[in-house]
Each structure stands twice: as structure tokens, then as C-alpha cells.
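Single chain ahead, by itself, as C-alpha cells, in the form predicted alone.
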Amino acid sequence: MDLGELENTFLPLESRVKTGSDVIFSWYGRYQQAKALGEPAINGTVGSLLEDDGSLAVNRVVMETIRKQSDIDFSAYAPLPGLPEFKRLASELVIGPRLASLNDIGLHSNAVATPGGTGALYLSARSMLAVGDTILFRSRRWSPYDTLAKECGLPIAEWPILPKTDSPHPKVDLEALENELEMIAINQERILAWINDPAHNPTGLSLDSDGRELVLDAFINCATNHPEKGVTLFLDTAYAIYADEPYGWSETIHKKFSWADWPENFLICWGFSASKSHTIYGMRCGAIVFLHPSEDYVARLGEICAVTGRGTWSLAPRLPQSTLMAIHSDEELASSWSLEKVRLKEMLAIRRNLFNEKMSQSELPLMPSDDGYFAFIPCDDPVSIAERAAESHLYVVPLEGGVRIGLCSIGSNDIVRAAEILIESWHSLAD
């Protein structure tokens, strides 16, 4: 049999349609090859924060604490939902200082440990929609969102990440969001939307207070207008720790529900990831966090997600959970972790400011890049831009609709040169 016949014999259609490798890792591989050949290659590909010398930036407090964990925490299973103290900690880390105030106004939280923030996304998709239901994304997004949706059998609807017409906010296409929510509510029993904010991947865009309130109001209105439909807003805050307002959504939610009623058919979830905040990408530590007025319901969600996790990845690793618990239960360790986090955030901010300043002097249509790891140049032919940049030893990632630049991985001394290469590449293709 040839390969095609073997595939048809062994694999169902949903498996046969899977092709190619991850575009991010593919371009990272090209950078590595160039570097190995001695080229002065600049790495703008990966979603990991690197020091200016190109080494992985790690929070030493986290590394030292990992090595001090007990044999049990290295080797034993964690409970299916996660270690109890970690679950509470995940809610505190992702919701922030407003958690107590949100509890005071009658809102309850719960969490389930997951293998990274991706696990939290998966649990929401598997638990809150049925196969064949439509999930709502913004038009620019981390490409594995699409992979996750396909794996869960969910068609995708989109609303623009920036307004295409007049809008009450420069970063919120309110009319499009409301229309998409209404269309989904008419056609299915439940609504789930993922919003990666603040420090959006791949653009670096963050909503301000007014923008967040407009988005929140759209979901509240959808829930109010369709009281028989479940409406879930999932906030993917993987990069929030590097934003100017890491807990902005919590502030907006508290402001709204300090005086307004929470519709019972409205749920907010957060995706927590320790990959960026604690620089332990490969240890796969995260959580899905729920917020709702019913304590019984968030407890039930925890049970459901734990069962789904059991049937998917068994359970989340214990060691990173115990490590975070050890850090954040010790005032001195927590303070040291925070100081190192501030250093890394300032290093990233320096790069972004240099990049944005240089790009502002050009005619390139850089999307708003406020926080986090990335910047994004929208264009019709991203592969050609990336290929031309690679000829000048800069490696970036061509995605649908534009090129992603990993400011997180470009050293401060190379940032201006990277911007110059992109400008030169753009103009050479335009000529």
C-alpha cells in the first residue's frame, strides 16, 4: 500500500486532515539552523522571554524553590482537581487583589489545575459547549486556538480585533461583537468566547478600562436578553503579569457588579498559566478559574472539569503546584519572586519602547502593541515578509494576516536592528 492507502485504512477523516508542523516551532528551527551556521541571526520567533544574551530568562526564586521540594512532591500524584492550596492560590494569582472584594459582594470562585493555560482553554471548550457548537474568537489570535477548536469539534465565529467602522472605542468593534453574540445565541443553547487580554498574543494589544467595560456589557446584555442560554466569557490572561494592568478585568468586574445584578446564566472563567509568570513553561502548570454567584455551581464545574481532565491527561503535575504554594505562602520568597518578576517586566518594556519608537518613524501598519511578549505587522503576504527578513538574519513568524515579532526573544541590543530589517523588508517588497 502507498501512504494514502495506509492512511485511509487506519485513520478516520478527522485524523487524515491533520498536516504540517507548528509554524512557530518551524521558524524557530530555521533560526536555530542559522545560528548553528555562525550567522548573526536574531530570534524573533519563540514565545519565551529570553535574556539579552539569548539565554532563557528564568526566575531564580522559582528554580531554587523547585529543587527544595520534597520527594513526595517530586514523585507523587496530585489530586485530580489539583492540590487544594494550589487551587486557592491560582484564583488569587489570576484574579488578583480584588478576589476578596468579589467574594464580599456575593461572587464565588473555584479552580481546577491544568497542564498549562492551554489545558484551561481545552476544559472550557470540552465542558461548556457541545460538539458542533460554535465558539467565538477575535480575528487575531494565537494559532493553537484553532487547533483546540478543531480537536473539540467546534466551528469558529469571529469578531474583529480592531473596529472596521466607527465604534465607541478604538479597540472594540462593539457592533460586531454584539451581532456575533446574538447570532450564536439564536442558533445554539450555549455561548463561549475566548478573549486573550491583556497583552494579547500575537499583537501585544491590551484593552483599557473603557474597552473592558464595553466587552463585559455586551456579554451581560446577551445573557440578560437570552435568560435560557448559558453565556461564558473566558479570559485568557496568560501574559497578564507583564501588562500595566495585570488585574484590569477583576477591577472592571468588581466595578460593574458592586451595583449591578449578575445574571445567573452568565459565567466568567480565567485561564491561569505559570509558564510566563513563574518562567516554568515546560512544567505545564495552570488552572481554569470560575467566578459565579452560585457556590454550588462553581463546585460542580470543578467536578466536571476534573473528570474531563482525568479522561484527557489524567491529572496536572504536582511539583509545580507545590512550588508555587511554597513561594506564595512565604513572605520573603514571595517578595523575592516579585522583585525578579519586576526586573523581567522592565527588560521587556525597554525592548517594546525601543521597537515602537523605531516603527513609529516608518509607514508600516503596526497594530497597537501595549504589553506582553509580541508585536504584529498586518499584511497580505506575511510569508514573503518573513522570508525577506530572514535574508537579513531576522527570524519572525508569518501567521494568517500578518507577521508576529517576538519582542520577548530579541535582545535589547538587537531590537532597533530588528525593526530596521522589517522596515527594509516591507519597502523592498512594496517597490
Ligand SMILES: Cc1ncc(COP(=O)(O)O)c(C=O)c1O
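Everything numeric here is computed off the predicted structure, so don't read it as measured data. The numbering used is simple: start at 1 and walk along the sequence shown.
One more form of this protein exists, namely the form predicted together with this ligand; it is left out here, but the text below deals with it.
**Q** When the contact criterion is heavy atoms within 4.5 Å, does E180 count as touching this ligand in the predicted complex?
**A** Because no heavy atom of E180 falls inside 4.5 Å of this ligand in the predicted complex, the answer is no.
**Q** Indicate whether this ligand has at least one heavy atom within 4.5 Å of a heavy atom of R351 in the predicted complex.
**A** R351 lies outside the contact set for this ligand.
**Q** Using the partner position in the predicted complex, report whether A238 sits within 4.5 Å of this ligand, counting heavy atoms only.
**A** Flag for A238 set to yes.
**Q** Going by a heavy atom distance of 4.5 Å, is S127 a contact of this ligand in the predicted complex?
**A** Taking the distances in the predicted complex, the answer for S127 is no, it never comes within 4.5 Å of this ligand.
**Q** Considering T308, T118, S167, T134, which brings a non-hydrogen atom within 4.5 Å of this ligand in the predicted complex?
**A** When this ligand is considered in the predicted complex, the option within 4.5 Å is T118.
**Q** Among H108, R88, R190, R284, which has any heavy atom within 4.5 Å of this ligand in the predicted complex?
**A** Only one option qualifies, and that one is R284.
**Q** Any idea which of 290 to 298, 314 to 322, 196 to 204, 223 to 231 reaches within 4.5 Å of this ligand in the predicted complex, heavy atoms considered?
**A** Correct option: 196 to 204.
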